[in-house]
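Only one chain is included here, represented as structure tokens and corresponding to the form predicted alone.
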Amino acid sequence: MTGAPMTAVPMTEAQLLAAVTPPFADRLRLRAAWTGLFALTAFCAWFVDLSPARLWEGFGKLGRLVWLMLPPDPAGFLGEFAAALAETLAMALAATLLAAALAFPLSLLGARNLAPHPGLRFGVRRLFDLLRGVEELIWAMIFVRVVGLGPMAGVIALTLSETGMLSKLFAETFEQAEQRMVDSLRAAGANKAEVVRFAVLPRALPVMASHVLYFLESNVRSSTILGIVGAGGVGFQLADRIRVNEWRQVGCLIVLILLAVATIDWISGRLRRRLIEGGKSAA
């Protein structure tokens, strides 16, 4: 004997609202969190003197500077500007590749599932914090004093900072490896190198390559800033023209920088999408 089919009882609007409304204590905590965040933001704005009047005055000065840059004019220095831009791109590429090469072995020591000893992992992780905790600009100012003016200081500065960041990202990528495959290979007698080769790298490499491409386009912008403190490249030319108030040449340099960054961003974006799609299809 089968029972009568059960029919759903429609809920009233009040019952539906009560079902989806969070408890009063949760709502109170959420409101307190938003209030605290707003108060903290207001305090920080007051502490750094972020006043609307100063912002309005600053935008007016910025508009006058932009007007002085028009129309952009290289004034016969286009070849020099192009060489400086090529130097900036070379700095970014060299630093990114060096940082990736250094980050790979360090990330193996810093990954929770691959580090040979917890104490070693802790020390390597603190090294990551040290390298990425110091801004590239500070590293550049230090190494300009150590190795002198020029792109070498910029390459070293970017390499140190990006090594810390890429090592952390690579280690976190390794930690997301499928543990069942790792355990299966270990149970079959595979050593650590074989586990990394067959269980970790196939899934991790597309993500790692995507990180490297992102940092390449970021380093092009960073290399420009480092040139201002003497690390060579187009940033050095930019700072020099600003000092002598050659604003049309400044405008030309800014246009060249924007074109280079946009081109690299477009190329690396397409490559990242292909790598991610390839990794998904392989999985």
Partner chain sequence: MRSAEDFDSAWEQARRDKRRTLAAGGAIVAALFAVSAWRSELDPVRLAEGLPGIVDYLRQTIPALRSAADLREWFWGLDRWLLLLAETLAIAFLATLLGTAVAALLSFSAARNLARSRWERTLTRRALELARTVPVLVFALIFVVAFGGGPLAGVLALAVHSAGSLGKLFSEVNENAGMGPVDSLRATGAGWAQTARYAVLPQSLPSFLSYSMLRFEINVRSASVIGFVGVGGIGQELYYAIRQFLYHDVGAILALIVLTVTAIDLVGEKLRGLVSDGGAIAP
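Every value quoted in this text rests on a predicted model; they were computed, and no experiment measured them. Numbering follows the first chain given and starts at 1.
Below, we refer to the form predicted together with the partner chain, which is not included among the displayed structures.
The partner chain in the predicted bound form comes within 4.5 Å of no heavy atom belonging to G76. At a distance threshold of 4.5 angstroms between non-hydrogen atoms, F59 is in contact with the partner chain in the predicted bound form.
With a 4.5 Å cutoff on heavy atoms, L258 counts as touching the partner chain in the predicted bound form. Although the partner is absent here, W247 sits close enough that one of its heavy atoms falls within 4.5 Å of the partner chain in the predicted bound form. Remark: all three candidate residues (V48, A90 and I228) come within 4.5 Å of the partner chain in the predicted bound form, counting heavy atoms only.
With the partner omitted here, the stretch from 152-160, 167-175, 103-111, 118-126 that lies within 4.5 Å of the partner chain by heavy atoms in the predicted bound form is 152-160.
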